[in-house]
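This document opens with one chain alone, in structure tokens, the form predicted alone.
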């Protein structure tokens, strides 16, 4: 445990020294505050609760931004250390290899979580200052967006660690990370919609379609955050097609944790067998 915390602490210090923490926090806060202050301007005055609009807006922002930040943090976590020669030095200390992966992951996750909580939390602070009229359920949804955004970031951190463990060059890891971001954030939903149009609803049933949604961590995230909002299906793209899907919040949380545990577990298993 001491080894894990020591490595995690070093990653946090590196993030502070390299201004990663400050840059990410300001970036997320800037976007979150912009979306919050705009309020319902894009759709006019429709009587929609401003907190509800903020929740949906932050969910959409998270889909694009958090995975990219997480992959940028993690794509060279292993291969970068190998190329710089610092991984051999780290492994010369009395610690298991899984300590190195686990500690670095915890450090990166702490950096990402801090930036997300403070950045998105600033939007909540503005809403409180404005005296927004919202009940406890809406505030709980806002807190759920922040928490699940951290989980989404953790999933893409884990994917980044898996990429970094498999490849032999840092440049290759960077290219694969970009491809993974494009696949999950942009290409996957468009391909799924295209498949539905081409199929005409004859071969792909609701069960298969819902399973395909859960095969994408970003779609699982959107399902979790938007499942409880009536009338929001029209703003959620592919997710709107699964409005009748019976996913419980706990099952969707389980899927999100699965997207963290499986890639990180594979990365740890491969790293223990990797020649340095």
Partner chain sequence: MSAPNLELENTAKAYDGLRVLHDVSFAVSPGEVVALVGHNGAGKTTIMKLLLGLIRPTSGSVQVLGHDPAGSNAAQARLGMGFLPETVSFPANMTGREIMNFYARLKRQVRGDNDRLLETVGLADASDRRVKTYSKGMRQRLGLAQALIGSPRVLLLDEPTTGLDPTLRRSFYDTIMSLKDEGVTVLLASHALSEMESRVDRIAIMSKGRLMADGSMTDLRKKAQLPARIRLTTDDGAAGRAAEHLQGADIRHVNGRTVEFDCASENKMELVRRVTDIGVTIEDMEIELPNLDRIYELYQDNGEASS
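Since the model is a prediction, treat every value here as computed from it, not as a measurement. Residue numbers count along the first chain shown, from 1.
Below, we refer to the form predicted in complex with the partner chain, which is not included among the displayed structures.
Undergrad: So, in the predicted complex, is residue 191 in contact with the partner chain at a 4.5 angstroms heavy atom limit?
TA: Result no; residue 191 lies far from the partner chain in the predicted complex.
Undergrad: For residue 130, is any heavy atom within 4.5 Å of the partner chain in the predicted complex, or not?
TA: Contact with the partner chain, no.
Undergrad: Do residue 93 and the partner chain share at least one heavy atom pair within 4.5 Å in the predicted complex?
TA: Taking the distances in the predicted complex, the answer for residue 93 is yes, it comes within 4.5 Å of the partner chain.
Undergrad: Against the partner chain in the predicted complex, would residue 97 count as a contact residue? Criterion: heavy atoms within 4.5 Å.
TA: Yes, contact at 4.5 Å.
Undergrad: So which stretch, 172-180, 157-165, 79-87, 137-145, is the one near the partner chain in the predicted complex (non-hydrogen atoms, 4.5 Å)?
TA: Selected range: 79-87.
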